[in-house]
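Next up: just one chain, as structure tokens, the form predicted alone.
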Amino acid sequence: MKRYVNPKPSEWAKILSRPTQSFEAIEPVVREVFGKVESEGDTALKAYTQKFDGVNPTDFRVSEKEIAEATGRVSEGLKSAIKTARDNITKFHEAQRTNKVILETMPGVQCWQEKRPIQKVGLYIPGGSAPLFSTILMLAIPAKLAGCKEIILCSPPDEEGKLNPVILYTAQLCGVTKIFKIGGIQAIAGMTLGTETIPKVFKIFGPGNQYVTVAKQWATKMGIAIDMPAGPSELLVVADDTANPAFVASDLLSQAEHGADSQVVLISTSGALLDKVEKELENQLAALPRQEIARQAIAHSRMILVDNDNTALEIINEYGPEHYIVCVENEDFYIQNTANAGSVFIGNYTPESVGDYASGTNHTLPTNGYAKQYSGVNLDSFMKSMTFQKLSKKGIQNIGKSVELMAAAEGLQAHKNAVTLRLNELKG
């Protein structure tokens, strides 16, 4: 990790830049895939799966037989762990329900707001070397709680054209209605446009690599909503001499092993802590199965030494981390004054891993600085708010004159007439 000592504010943006390709660099291939899928449907999906994944699929849809076989291949211990996570995630997201808001804004004018589920949602689950079945829990559980009628899941197949058994087990456990063996840009295109096999959805959820991220952004150009433009994983840790260096290093590596394009940042007021963490990183790296991936991520990660907590906090809010660990003596200062972060983990005994899997919070979070304006996935992500109003005769009489005057001032005579006709009818 490259170390910076008291960098000037003018240098922060460069130091905190993410190792991502630009939208413009990836857009041409995304546009091509979407165009082919729109014109050729399943034929294009098969061609791109062969091209990008090296798999020649005969059927994208996962059968009931495949799900049953997969369930038998998952150990009872892992099933128990997944059910523990499911229970905690369900409890936390169920608690996010809100009551109908109803109010009489003036006599005879009643307004209310209710939430209704998005009817069709698509979940994208990364596969490859680390099939993220935990993401199914984070997306399918709130989708089911919200009442979404159709919950489809797409995930890239392995070299044999299959999905990891744990992905299939978790998907059926959480109420996914259809599962498809397809990944990458072509999966997003399929859910956006609809094909002979893949249903079109109204909103797409889930993390992915930079190509999936740009594909999701492209989907928004075609009228499909997305959860957020989530890309490669990232973590920022702020720590002082009260932090355990081994714990800090383990947290940094837990994100670094996600992918070569992941990024981790450590900010501290203690040079001695940074020295200890560097040693721990080397010791722990040597024992990791995904050592090479983690080393690549560490190579473009940062250690930043600052003089005081105020400067540290300014840098944190400038970065807007996806995952954010606070391990300092004055933790209240950081917790209360952090404006931009996806999910916060506090103290020596709260590793980011617990949020990734089983504490109950959602791990589908904004990356690449989008924590400045986006929330992580929650129950409301799968719902939309609808407003209602009902006026009595007294209500239209009370509010009518105001509406007439405002409509006339905007030059919208038909708007005014819609009120005037009613008022005149009540006068008669």
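We number the residues from 1 along the sequence you see. Only the largest set of C-alpha atoms that superpose within 1.5 Å between the two forms is called the rigid core. What you are looking at is a predicted structure, and each value in this text was computed from that prediction instead of being measured.
Form predicted together with another copy of the chain: not shown, discussed below.
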Study note, to complete from the structure: Given 171 to 179, 298 to 306, 268 to 276, 89 to 97, the stretch touching another copy of the chain in the model of the complex at heavy atoms within 4.5 Å is 89 to 97
Exercise for review: Let me know the one among Val55, Ile396, Ala47, Val29 whose heavy atoms come within 4.5 Å of another copy of the chain in the model of the complex, would you?
Suggested key: Ile396
Review point. Pick from Ile118, Ala312, Ile152, Ala239: which has a non-hydrogen atom within 4.5 Å of another copy of the chain in the model of the complex?
Key: Ile118
Exercise for review: Decide whether Asp42 counts as a contact residue for another copy of the chain in the model of the complex under a heavy atom distance cut-off of 4.5 Å.
Suggested key: no
Review point. Using heavy atoms and a 4.5 Å limit, would one call Ala371 a contact residue for another copy of the chain in the model of the complex?
Key: yes
Exercise for review: Consider Lys36 of the chain shown here, and say whether it contacts another copy of the chain in the model of the complex, taking contact as heavy atoms within 4.5 Å.
Suggested key: no
Exercise for review: Report whether the minimum heavy atom distance between Leu391 and another copy of the chain in the model of the complex is within 4.5 Å.
Suggested key: yes
**Study point:** Heavy atom contacts to another copy of the chain in the model of the complex at 4.5 Å, residues of 236 to 258 in sequence order
**Key:** Asn244, Ala246, Phe247, Ser250, Asp251, Leu253, Ser254, Glu257, His258
Practice item. Superpose on the rigid core, then tell me if the C-alpha of Arg31 is displaced by 2 angstroms or more between this form and the one not shown. Key: yes
Check your understanding: After the core is overlaid between this form and the one not shown, has the C-alpha of Ser268 moved by 2 angstroms or more?
Key -> no
Review point. Would the C-alpha of Thr192 be classed as shifted by 2 Å or more between this form and the one not shown after rigid-core alignment?
Key: yes
